[in-house]
Structures are given as C-alpha cells and as structure tokens.
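To begin, one chain is listed below as structure tokens, in the form predicted on its own.
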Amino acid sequence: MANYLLIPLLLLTLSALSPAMAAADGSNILQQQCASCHNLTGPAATKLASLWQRKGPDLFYAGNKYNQTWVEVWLQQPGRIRPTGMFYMDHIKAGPKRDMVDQSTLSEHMKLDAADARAVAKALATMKANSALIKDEKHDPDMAPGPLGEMMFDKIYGCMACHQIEPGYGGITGPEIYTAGKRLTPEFMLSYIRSPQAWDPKIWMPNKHVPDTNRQKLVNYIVELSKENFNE
C-alpha cells in the first residue's frame, strides 16, 4: 500500500520540477539542434566569405536583440523573415523583369513544441553579448513618427530598397520590417540603426548616420507598423 501512495507523490514532484528542467534544457537544444546554422558564441563574421556562408542569424547577443515572447511563439510556428535567406545571392534567379526568389533553394526552419520553445527562448534571453552597445540607448515611445516615419524609411534613407513594409511590398534582400516591432527590442533597433557595423562588422547594411531624433521616429514607425495585421 505504501508503494501505491508514493507513486502519485513522485508524479507530483516531477510535475513541479518540469518547468525548471525544461528551462535548463534550452541550452542543450541550442547546442544540439541550432549550432550548425547559428553562431552561439561569437564573434560576428569579420570576413566577407564568412558572412556569405552564414546560414542563420547570429544568436550570441539574442537576449539584447529579440523579444523573448516573440521567440517562443515563432519557434512553434516559424515563418520566413528574410525572403531570400541569409545571403540573397544564393537564393535568387532571373525573372521576366527583375530577379525573383528561387524558392527551391530555401529550406524550412524546424518547429519546436511549446515546452522546448519556451526553454530555448529562455536560454536565448540570457545571451547578452554586446550589451555595451545598447546600455545608453533610451527609447522614447512618445515621439510619434507621423507621416515622416514612412517617408524617412521609404524615401529619405532608402530602407525599402532592401526591406518589405508589408508582404510583397519592398525589397527582398533584407529581413521584413512589418514584424520587426514585435520581433526586436527598441533599444537594439536604435543601436543597430546608429551603427550596423558595430554589431556585424561586414554586414552590407549601410550606416546612414541617422540623427537621434530620426532614429526614434524610425523605430516608432516600425513599432506602429507591427501592430497592423497583414494576415487578414
């Protein structure tokens, strides 16, 4: 009889421990399933050849870059953020009027179940290299972008040449922007616009030397853009 009483107690104990155990497994999942495509330890590529061979974004500063909640949700239902993958020249083909995405060269990102996604998101949130780059960035959410926000993004700084502001509208060589407000922290966006090469020395995104006020407006434009539901 005593043994039968111990079984429910053991199950309750394991149940209570499972969240902590799952969180501890996040690093193991990253090492076993993610390290072949993502740089988990740094530094960023310092040669163009290394940059072109990159299969996925660097994650060694993921805790400073991504919103943890977004990561957890995305890992359970991943979607393509970069229309032409990490290095666009490997995934385009000539079209009737312009280059097109060669979908046959792109692979799908693996899906994780809810527990693993939560564990990995938690592990990524602890990876905070390059904190010095964002420690002085202060996001001002009250600085409304107004009509100037889209004009700066589209015309003044030419960001739309590489980035889409809605599905199918904009460039295809960089990551989509219409989800960036949910995906990225405001402080990271402010810092990255200030100097892309401080984060990624050989990245092809140009430093436009955007004044502080305009950086705030650009980030708030991106945040506002992410509130639109383009899936409807």
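Remember, it's a predicted structure, so these values are computed and weren't measured experimentally. Numbers follow the displayed sequence, beginning with 1.
What comes next is about the form predicted in complex with heme C (HEC), which is not displayed.
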{"property": "Met110, Met89, Ala132, Ala94 - the one with a heavy atom within 4.5 Å of heme C (HEC) in the predicted complex", "result": "Met110"}
{"property": "Partner proximity in the predicted complex: Cys162 to heme C (HEC), non-hydrogen atom cutoff 4.5 Å", "result": "yes"}
{"property": "Arg118 within 4.5 Å of heme C (HEC) in the predicted complex, heavy atoms", "result": "no"}
{"property": "Any non-hydrogen atom of Gln197 within 4.5 angstroms of heme C (HEC) in the predicted complex", "result": "no"}
{"property": "Any non-hydrogen atom of Pro206 within 4.5 angstroms of heme C (HEC) in the predicted complex", "result": "yes"}
{"property": "Candidate site Ala44, Trp52 and Met127: all three near heme C (HEC) in the predicted complex by heavy atom within 4.5 Å", "result": "no"}
{"property": "Those residues of 180-210 which, in the predicted complex, come within 4.5 Å of heme C (HEC) by heavy atom", "result": "Arg183, Leu184, Phe188, Met189, Tyr192, Ile193, Ile203, Trp204, Met205, Pro206, Lys208, Val210"}
